[in-house]
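Presented below, as structure tokens, is a lone chain in the form predicted on its own.
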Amino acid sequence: MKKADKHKKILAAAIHVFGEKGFYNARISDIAKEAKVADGTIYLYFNNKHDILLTLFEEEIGKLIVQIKGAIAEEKDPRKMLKIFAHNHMKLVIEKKELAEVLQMELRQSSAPIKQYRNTSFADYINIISDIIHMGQEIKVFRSNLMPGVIKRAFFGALDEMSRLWILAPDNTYSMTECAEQITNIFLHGIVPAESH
């Protein structure tokens, strides 16, 4: 097996093990067993469990950044860009539930490696939202007094909370597509009828 394939196989096994046991209860030996490799093989590719988790974050969030930037590259309207971001984020939750569960739960941890991670690719990911807000302000489709740093966290926070609900209770009445639409529409139009403004 090629080195790149083994690396990929270990990460895929880690997603499954972390999702099933939780990061802190999972052991390297569990990941090795799932990947069908010797325990020592894991250490040829990763230093420890945190290294595996951070690599997962980096690679998967990196893919999502490329995917979303590609999806919005042809779009000129920042309002539509926000919808594209929301739909792509929710799509990840649907298509990669096990991965989304690991990302969801572990991003909320307060350990030093996770805090360090949150200042890298994760920041790049949510900065896509603030870039869209800046762009909308420049062409005057968004209010100039909005603070992009606040909006990006509020918008992502809404998506994140609905993702968490769906992961914990996948049989709830909300579809991810409806959630993406509702959240984007609330941010673009508010909750007060237009005639009340």
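Quick note: we count residues from 1 along the sequence shown, nothing fancier. In this text, all values refer to a predicted model and were calculated from it rather than measured experimentally.
The protein also exists as the form predicted in complex with the DNA; that form is not presented, and the subsequent description refers to it.
For Lys152, no non-hydrogen atom is located within 4.5 Å of the DNA in the predicted complex, even though that partner is not displayed. Although the partner is absent here, Phe156 is not a contact residue: none of its heavy atoms lies within 4.5 angstroms of the DNA in the predicted complex. Within 4.5 Å of any heavy atom of the DNA in the predicted complex lies no heavy atom of Arg164. Within 4.5 Å of any heavy atom of the DNA in the predicted complex lies no heavy atom of Ile133. Only one of Ile68, Ala26, Ile61, Ile129 lies close to the DNA in the predicted complex, with a heavy atom inside 4.5 Å, and it is Ala26. Heavy atoms within 4.5 Å of the DNA in the predicted complex are found in one stretch of 143-151, 34-42, 53-61, 156-164, which is 34-42. No residue in the set Arg79, His89 and Lys91 has a non-hydrogen atom no more than 4.5 Å from the DNA in the predicted complex.
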